[in-house]
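The chain below stands alone and is given as structure tokens, in the form predicted on its own.
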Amino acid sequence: MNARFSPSGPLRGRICVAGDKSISHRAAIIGAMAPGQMRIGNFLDAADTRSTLDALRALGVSADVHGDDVVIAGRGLRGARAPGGAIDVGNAGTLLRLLPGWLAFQHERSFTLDGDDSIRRRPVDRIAEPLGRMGGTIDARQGRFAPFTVHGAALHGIEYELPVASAQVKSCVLLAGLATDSTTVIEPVPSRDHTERLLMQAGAAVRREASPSGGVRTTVGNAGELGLERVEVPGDVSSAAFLIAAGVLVPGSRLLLEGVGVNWTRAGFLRIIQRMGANVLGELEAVGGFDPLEPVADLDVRSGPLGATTVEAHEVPLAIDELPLVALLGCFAEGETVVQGAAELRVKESDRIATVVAGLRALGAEIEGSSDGLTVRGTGGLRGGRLHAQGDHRLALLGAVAGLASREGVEVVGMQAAAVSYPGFAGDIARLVA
């Protein structure tokens, strides 16, 4: 499906962004691992999160949707049922990498995971390696791709240092660590910490401390059983980021985004664009904060001029999904915007360095890619044209925002990909323009 986004008048109004995708995934999985019922409020209804609910149902978990809420009746830590066939994760990379952490200690049961063409290109060797050290086994296609089979086993604790900061790999190991005496994950730099916060809410013993190398050590111990009755999912800051970018770039705009999650490990984009001079006001969680409950804030967004910036490697895990938007903003900023240390972008739903560079260049951007990042020379705007989403929801949304702020508009080829994370985007934009 193609969609055209023409240059718009000012965006104005207030809006509640749909629930956070990362937290929705994690809350459902942790609810499945606990006995009894848990209600998840403001659960995101999107293709990715529906894949998670369907996967959990295949494992014997009850997952009932009631409006914006989902009620999970879990199986307990060791109660996952072996399904009759492969578990389809769709396009959900978070599900692909987190779920094996639970399945790895379902003794004497095996589980095969598969997904769409994009998922079959995303590597899973980074979870297979630590799970193997813990005593688990993953048999993957070519040693690193889906479809792959997790063979449940008795696990033992390890201390694992991540080669690259990854919240998904960290979360997988921490979930598996619930079945061990003690498991520690060492991150070179902090990444999003939703899993740790939810586990603390569910009664697991979680300890976080600074590592000598400047990163973070997170330790979990044997949980017995988890218990969590309700989780309220905040608005998704990654989805809000596209509205924020549009509000900053389209002259005369003024938006109020209500109830957005501002966890400091997810608010890297907000700090970056504030550094660029963007008029985005809201009470963000202090850097280094760690409360089990997710912080939320209302964000006041106004249009205005931007200056270039450099995104350093240590900032990348805290803004990984929003870095394409930094490139877009760089097209309108004065000076040269640089993103470095972001090789992780190459193993997302698409190679997001290559696709962002090609997509924005087709719209008139002066942009170059590198092995681990990109450089954008600000020219004050974009001409417009056609952008191919390449099946990547973030790229589809990027093209839409670019169209609103461009001189000639943008036709997004494959706009249906946006349904993975933000199916209501076009409707929200239409209301804000009206």
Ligand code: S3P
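Start at 1 and count along the sequence shown; that's the residue number. The model shown is predicted, which means the values in this text are computed figures rather than measured ones.
The same protein also has a form predicted together with shikimate-3-phosphate, omitted here; what follows describes it.
In the model of the complex, every residue of the candidate spot (22, 26 and 348) has a heavy atom lying within 4.5 Å of shikimate-3-phosphate. Proximity of residue 265 to shikimate-3-phosphate in the model of the complex falls outside the 4.5 Å heavy atom cutoff. Under a 4.5 angstroms non-hydrogen atom cutoff, shikimate-3-phosphate in the model of the complex lacks residue 151 among its neighbouring residues. shikimate-3-phosphate in the model of the complex is not approached by residue 279, whose heavy atoms all lie more than 4.5 angstroms from it.
Using a 4.5 angstroms threshold between heavy atoms, residue 196 stays clear of shikimate-3-phosphate in the model of the complex. For the options 91, 218, 168, 309, the residue carrying a heavy atom within 4.5 angstroms of shikimate-3-phosphate in the model of the complex is 168. When you look in the model of the complex, the only residue of 254, 109, 75, 126 with a non-hydrogen atom within 4.5 Å of shikimate-3-phosphate is 126. Heavy atoms within 4.5 Å of shikimate-3-phosphate in the model of the complex are found in one stretch of 316-324, 78-86, 254-262, 295-303, which is 316-324. In the model of the complex, just one residue of 189-219 lies within 4.5 Å of shikimate-3-phosphate by at least one heavy atom: 192.
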